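Just the one chain here, laid out as structure tokens, in the form predicted alone.
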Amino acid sequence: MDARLCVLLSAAVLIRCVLLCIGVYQDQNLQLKYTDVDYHVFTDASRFITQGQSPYERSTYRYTPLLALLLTPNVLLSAHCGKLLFVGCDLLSALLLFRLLVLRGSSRSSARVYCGLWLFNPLTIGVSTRGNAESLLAVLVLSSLLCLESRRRTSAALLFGLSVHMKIYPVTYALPIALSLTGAPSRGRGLIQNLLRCFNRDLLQFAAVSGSVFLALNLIFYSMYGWEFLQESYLFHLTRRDIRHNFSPYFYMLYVTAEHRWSGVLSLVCFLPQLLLLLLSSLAFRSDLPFCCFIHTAVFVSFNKVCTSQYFLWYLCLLPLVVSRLTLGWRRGLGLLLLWFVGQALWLSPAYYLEFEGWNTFALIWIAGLLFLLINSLILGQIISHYRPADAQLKKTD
């Protein structure tokens, strides 16, 4: 392994270990706990599994039983095993990013710098050490992309099917992956011929393998836990009306219409802007799969009905692959990064007064959420306009 990369990983491990120790002290001695409430939900669900019961006996557990199974060491060995797993996935994600960056033409020295964007990102470190499972998804998504870039399509399909089972959002990558496997349409052929050309061997094999993995896991857990598994793992997220304050531009609308009969329909309508933008971005950026997946995820998170800080990791794990091909100057890049943090700070201020002081700041939170959406849209526009794919870079070099 690259010696300098080992130094980076060692420093990243040290930082995370220190925070894990601080978290243990804070949980035991301070009123404000370090460990995220979701981690306790995971652990309780794992406890029910070890007792031969359903993980859904734990209220608010709305994930696949596979996650609870992975975290049974929390119950059998130590309550900190899950956090160690998530930290390990953080480090593995950095290694996957390094391999992807080198495979996509970055020098090893540049790849190390870009990996640092993930390893030393405060949000990345905080989410995993507090006990959120997002780094598991990062590993699965990055592994799928690495296998696709390496033309190991069967392995990619297995990992993709598993990632969609673990959390539904990677299903939005299905169209970009399908388009990348079919290639560009030929102008000399008719519409029907181009459509038939889409159903090639690679695409059919990928769909069959990934679909089989997804269906097999669902059938296994459905046979064990019945309809409750489908409801809590998948259907709940489609009709979810989360009226708690979050970054979503829809949260206040869903909050004030929560008692109306048509609020359920309204929550489904909120998916339409997402679907339209995902379709357009798939067609526009199909030639570069990692970049297309990054745009997809950023759009999905920004326009989702529920948007919390941990969701940002869904696209931040792909950001190093994008930054490596940006022509943005470092000053403009830092300015956009600062603007992104300012947008969060403007939201966190009224959120603090609502949560800790009891003030009615719902309207201010909603306005801050709209502003944060505008900032995200501006940053995405800058990234798209300054992104140069590999073929463009090669032409410029020649």
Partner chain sequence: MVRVYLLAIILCFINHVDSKEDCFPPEWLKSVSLSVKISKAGFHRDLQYTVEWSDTDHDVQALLLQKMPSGVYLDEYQLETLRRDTGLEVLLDSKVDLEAPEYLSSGFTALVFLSGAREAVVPVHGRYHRPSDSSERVRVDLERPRLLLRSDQCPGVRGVVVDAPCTVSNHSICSWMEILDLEGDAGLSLELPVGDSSMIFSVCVVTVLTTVLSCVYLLRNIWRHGSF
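Note that the structure is predicted; figures quoted are calculated from it, not measured. Residue numbers count along the first chain shown, from 1.
Another form, the form predicted together with its partner chain, is not on view; read the next lines as being about it.
J.: Wondering, does Arg153 line up within 4.5 Å of its partner chain in the predicted complex on heavy atoms?
T.: Contact check for Arg153: no, nothing within 4.5 Å of its partner chain in the predicted complex.
J.: Answer yes if any heavy atom of Leu337 is within 4.5 Å of a heavy atom of its partner chain in the predicted complex; otherwise answer no.
T.: Answer no; every heavy atom of Leu337 is more than 4.5 Å from its partner chain in the predicted complex.
J.: Is Lys305 a contact residue for its partner chain in the predicted complex, using a 4.5 Å heavy atom cut-off?
T.: No.
J.: Answer with yes or no whether Gln51 is in contact with its partner chain in the predicted complex, where contact means some heavy atom within 4.5 Å.
T.: No, Gln51 sits far enough from its partner chain in the predicted complex that none of its heavy atoms falls within 4.5 Å.
J.: If we take heavy atoms and a 4.5 Å cut-off, which stretch out of 338-346, 325-333, 354-362, 63-71 is in contact with its partner chain in the predicted complex?
T.: Partner-contacting stretch among the options: 354-362.
J.: Taking its partner chain in the predicted complex, would Met253, Pro273 and Gly381 all count as contacting it (heavy atom within 4.5 Å)?
T.: Yes, because Met253, Pro273 and Gly381 each have a heavy atom that approaches its partner chain to within 4.5 Å in the predicted complex.
J.: In the predicted complex, which of the listed residues (Lys167, His245, Arg130, Arg112) lies with a heavy atom within 4.5 Å of its partner chain?
T.: Partner contact (heavy atom, 4.5 Å) among the options: His245.
J.: Going by heavy atom distances of 4.5 angstroms or less, which of Phe229, Phe206, Phe98, Phe285 would be at the interface with its partner chain in the predicted complex?
T.: None of the other options qualify; the answer is Phe285.
J.: If you apply a 4.5 angstroms heavy atom cut-off, which residues in 49-84 are near its partner chain in the predicted complex?
T.: Residues within 4.5 Å: Glu57, Arg58, Ser59, Thr60, Arg62.
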